[in-house]
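The data below hold one chain only, encoded as structure tokens and taken in the form predicted on its own.
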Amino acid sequence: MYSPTPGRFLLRMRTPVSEEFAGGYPSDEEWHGYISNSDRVLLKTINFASPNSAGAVCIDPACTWVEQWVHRAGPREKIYFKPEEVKAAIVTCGGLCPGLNDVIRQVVITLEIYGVKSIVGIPFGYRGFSDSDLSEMPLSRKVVQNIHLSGGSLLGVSRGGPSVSDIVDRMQEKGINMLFVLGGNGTHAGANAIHEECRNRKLKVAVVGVPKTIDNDILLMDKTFGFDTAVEEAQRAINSAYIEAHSAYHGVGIVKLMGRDSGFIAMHASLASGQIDICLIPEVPFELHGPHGVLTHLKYLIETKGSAVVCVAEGAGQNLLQKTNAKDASGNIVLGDIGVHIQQETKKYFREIGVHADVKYIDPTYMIRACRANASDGILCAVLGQNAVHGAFAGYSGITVGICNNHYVYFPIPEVIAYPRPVDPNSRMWHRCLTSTGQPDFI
């Protein structure tokens, strides 16, 4: 990086509304909004008295309290890049997620406030670094001003891509010295590899991630963008399934939601709706058949309530399906369709016991992924995008920005991509969900 210079992120960067304030506004001199490099945020805020406490996270059998900290995010008084010499690039990878355009917009706007003149978007994920048919997209405030009003990604997305060495070669050719990567665990693994390759080549490049996973399954973070919108939009599908089931004679509504490895969307959507009788997630094993199985409980619900609604995460019950060794372009194992399986087994079960059942199945996955971010996610995306730029100018690389205990922080990428964050079956939130649904154990 360059030698530290005074920060450029000041209130006086606002556009003056008259010549009288061309040199800045009076309030500018009173602004003390910089973050100290010594500011820290606690990773854990609860001192668990016992490992038997609900949701206890302990490093030893005695549950000893250990203070663990991460760096607080925000603008620094000293920066390590000269804005006029920066060429910044933004890339969005993986699948669609509400809020991608919001983050892109805020990254561009904040870069311009720092004084960066050269900002580009890499089209269609990491593929854009290698495909000669894809040209980088010049970005400015004028280009991105209204993109947050639509879902999707202005830059496009894709999975997979060229080798890390080829990506860094292209970055050198293009003169890119700031790279902002929006994606999930796999994308962040790629971003960390790019960071390491730049270090090995002794390149003055900042690689900063913004975690994009609609499943909310990134370690150490309170929440990832797109999750709130997904839970909100899932209510529409759940309500439709409830109306279909409630209006039919012996109606059963089944809704499959996102969640490859973690059932946060299914759990929160079930709890929020109050219309779910059975919630199935990857972290909690279950059986369909047998005296304690899901189908036996469905029969009980039909007999006592007249209808039932099931919410299932896409990664749940994979042990019940035929396994394949197929993988997608991101290296993820292709999952079997648990929603369709439950639908078919439910129809078969009730047919075999001679009980009428009207089964309806809804999969709103791509409708949810294509949504515009709601207000809550819009705010989260705005702050994440701004803090990603602050982190790059502070001289950090190989980091990702997130929210921890209601504070915005910087995490080393390797710490958050070790494995997907699961729902803790011993957590208060999962037991709140069970209280809401009233479901038994299905084993």
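Just count from 1 along the sequence shown to find any residue number. Computed from a prediction, not measured in an experiment: that's the story for all the values here.
Same protein, other form: the form predicted in complex with a small molecule, not shown, and the subject of what follows.
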item	value
Contact flag, Ile281 vs the small molecule in the predicted complex, heavy atom cut 4.5 Å	no
Contact test in the predicted complex: Glu314 vs the small molecule, heavy atoms, 4.5 Å	yes
Any non-hydrogen atom of Lys223 within 4.5 angstroms of the small molecule in the predicted complex	no
Contact of Arg76 with the small molecule in the predicted complex (heavy atom, 4.5 Å)	no
Candidate stretches 366-374, 146-154, 295-303, 340-348 - the one whose heavy atoms come within 4.5 Å of the small molecule in the predicted complex	366-374
Answer option from Gly253, Gly128, Gly121, Gly259, heavy atom within 4.5 Å of the small molecule in the predicted complex	Gly259
Listed residue that, although the small molecule is not shown, lies within 4.5 Å of it in the predicted complex (heavy atoms), from Ala234, Met267, Leu100, Ile214	Ile214
